[in-house]
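What follows is a single chain, given as structure tokens, in the form predicted alone.
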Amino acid sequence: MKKLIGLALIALTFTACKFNDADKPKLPIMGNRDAVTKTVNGKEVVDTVYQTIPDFKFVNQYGDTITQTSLKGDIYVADFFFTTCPSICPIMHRNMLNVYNEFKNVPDFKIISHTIDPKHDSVAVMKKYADKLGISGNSWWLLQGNKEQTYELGQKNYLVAVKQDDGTPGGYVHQGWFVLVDKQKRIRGYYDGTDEKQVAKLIEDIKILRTEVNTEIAQ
């Protein structure tokens, strides 16, 4: 299946300033952003409001309801897939296993994979898929729900192209991005899930982001 690149490339062009601190590296904040004027101590100042991932409501492979509240206080990686995908999904999720194995015992980290074929990918189908991958526990959730909400979330909020296309193998087209999201629900990175080097970079960036968060807490 071919990978669409348009929307994700747009996302990358909306990169916010990358903090330069040799001792404490930080990741860029990506996605759309708005400048807002507010009053602080009697003076008007301009602040930047970054795009965030909105609330959602899906069901995971255990039949549990998952919302943004379920991810409160977590860094997470999101991607889009379907269980019958004949092309990039198996590669993506073999690579995602490296992320899972690295962080599966970290309490403030999650992986969420949104199916774009919710009609077929029932809870039972997703559980079988998870078992085949060898994932268990609550570090990696496969999420199924309303198709329109899933597609809007992907295209509008994660800036990842997903669509149904009966003319392609499997009947769906989606990009293979792994999207890194911080505890404030802001996008901090895009990584090609079919590229082992990109996934290795994702693992290192998760470590940087966790250090960034822990430093902020300490301050």
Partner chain sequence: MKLRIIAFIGLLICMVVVSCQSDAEQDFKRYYTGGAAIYKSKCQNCHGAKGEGLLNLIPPLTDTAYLKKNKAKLGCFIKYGIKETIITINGKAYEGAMPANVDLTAIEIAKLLTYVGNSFGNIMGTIAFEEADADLAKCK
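Residue numbers count along the first chain shown, from 1. None of the values given here were measured: they were computed from a predicted structure.
Although not depicted, the form predicted together with the partner chain is the subject of the following passage.
Enquirer: Since only the chain is shown here, I'm wondering whether residue 87 would be in contact with the partner chain in the predicted bound form (any heavy atom pair within 4.5 Å).
Expert: Result yes; residue 87 sits at the interface with the partner chain in the predicted bound form.
Enquirer: So, in the predicted bound form, is residue 123 in contact with the partner chain at a 4.5 angstroms heavy atom limit?
Expert: No.
Enquirer: Determine whether any heavy atom of residue 111 comes within 4.5 Å of a heavy atom of the partner chain in the predicted bound form, and answer yes or no.
Expert: Result no; residue 111 lies far from the partner chain in the predicted bound form.
Enquirer: Residue 75: heavy atom within 4.5 Å of the partner chain in the predicted bound form?
Expert: No, residue 75 stays farther than 4.5 Å from the partner chain in the predicted bound form.
Enquirer: Counting heavy atoms only and using a 4.5 Å cut-off, do 183, 187 and 210 all touch the partner chain in the predicted bound form?
Expert: Heavy-atom distance to the partner chain in the predicted bound form: none of the three under 4.5 Å.
Enquirer: Only one of 141 to 149, 127 to 135, 103 to 111, 67 to 75 gets a heavy atom within 4.5 Å of the partner chain in the predicted bound form; which is it?
Expert: This holds for exactly one stretch, 127 to 135.
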